[in-house]
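Shown here is one chain on its own, the form predicted on its own, set out as structure tokens.
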């Protein structure tokens, strides 16, 4: 049996996927309300294919509880935030889970850390917790790192098809854990050492962050000298060895906006490019706010209440708003003591900010200036409703209007 600890955006899909492919699974989370929702037969967030996967897992006997189970395999999938000042990883949730596991686990059990961690985290923080409890790693407890590699909006597909990495002290233990993931994973599963597994996961997200920053910096350069960044990127990408991403209003989520800081925190003198890239990405919400101000001035607008943000999630067609650029923009606006902008998102059904509206037509009728922060399918399908509006399209989705502005 596998006890999956942490039933959030990563832990729940992993638990459901294993259960639906013949593995006996118990999911554990400290959040009683979350566990009660799952036990009532409802998922806790929206994701394509998740409800169907949930039904399969329920039929296969998956259980949900707030208690840690006695078993031989644990998968820890809890948040790993970073300290905003030092930029170092905060391992409190991981260590808390490990401490609870070693209270109940039998001798020889394996703890798999699936949470993303900085290279060396398991050596510096997790091993000491186990050793302090008087346990011998490799004899009483085995350690493995199997970093997640999925993205909200496409989780079910990526769980099935993405390649995976398993880092283990002992090859035999690594092969045993590989069997659990191979029950559903159709991609290649690589076994390596723990520190290499830690590093590869962080490097993957850092690579993406740096490339996003390059596109965002291009947008700033082109805006400064009145050039069309999208036309420039389009032409440059015709080169066989060039693939520039599109710029955007910022970076959100709990991966690309967080993981690169782990490297900056641990290697501050060696991460100049990464540091500057993260600063560029972090500056984009304020850049969008400045664009709003300039466009209002150009159009002779003075009433901020007639400006609305379309999209509050961190990416399209998901309900995940962690670290979203829109919320970062609103926070930046709050620092200037300005009235919060009107906001709407079809995937957010509860209040997460002030002046939030829950109907598209009501939102559009209340504003004259629409700032497209997220390219949800909804806005692309209703683009005709933007006619007559001033539009700042930060996602370049192709709005047909007389008053469209871009980054």
Ligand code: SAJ
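Positions refer to the first chain, counted from 1. Computed from a prediction, not measured in an experiment: that's the story for all the values here.
Same protein, other form: the form predicted together with the ligand, not shown, and the subject of what follows.
In terms of contact with the ligand in the model of the complex, the residue from 87, 164, 291, 315 that brings a heavy atom within 4.5 Å is 315. A single residue from the set 260, 174, 250, 311 has any heavy atom within 4.5 angstroms of the ligand in the model of the complex; that residue is 250.
The chain is drawn here without the ligand; in the model of the complex, the stretch among 301 to 309, 238 to 246, 186 to 194, 135 to 143 whose residues come within 4.5 Å of it by any heavy atom is 238 to 246. Although the partner is absent here, residue 255 sits close enough that one of its heavy atoms falls within 4.5 Å of the ligand in the model of the complex. At the 4.5 Å threshold, heavy atoms of residue 152 reach the ligand in the model of the complex. The ligand is not drawn, but in the model of the complex it has no heavy atom within 4.5 Å of residue 169. The ligand is not shown here, but in the model of the complex it comes within 4.5 Å of a heavy atom of residue 212. Contacts of stretch 128 to 148 with the ligand in the model of the complex, defined by any heavy atom lying within 4.5 Å, are made by 148 alone.
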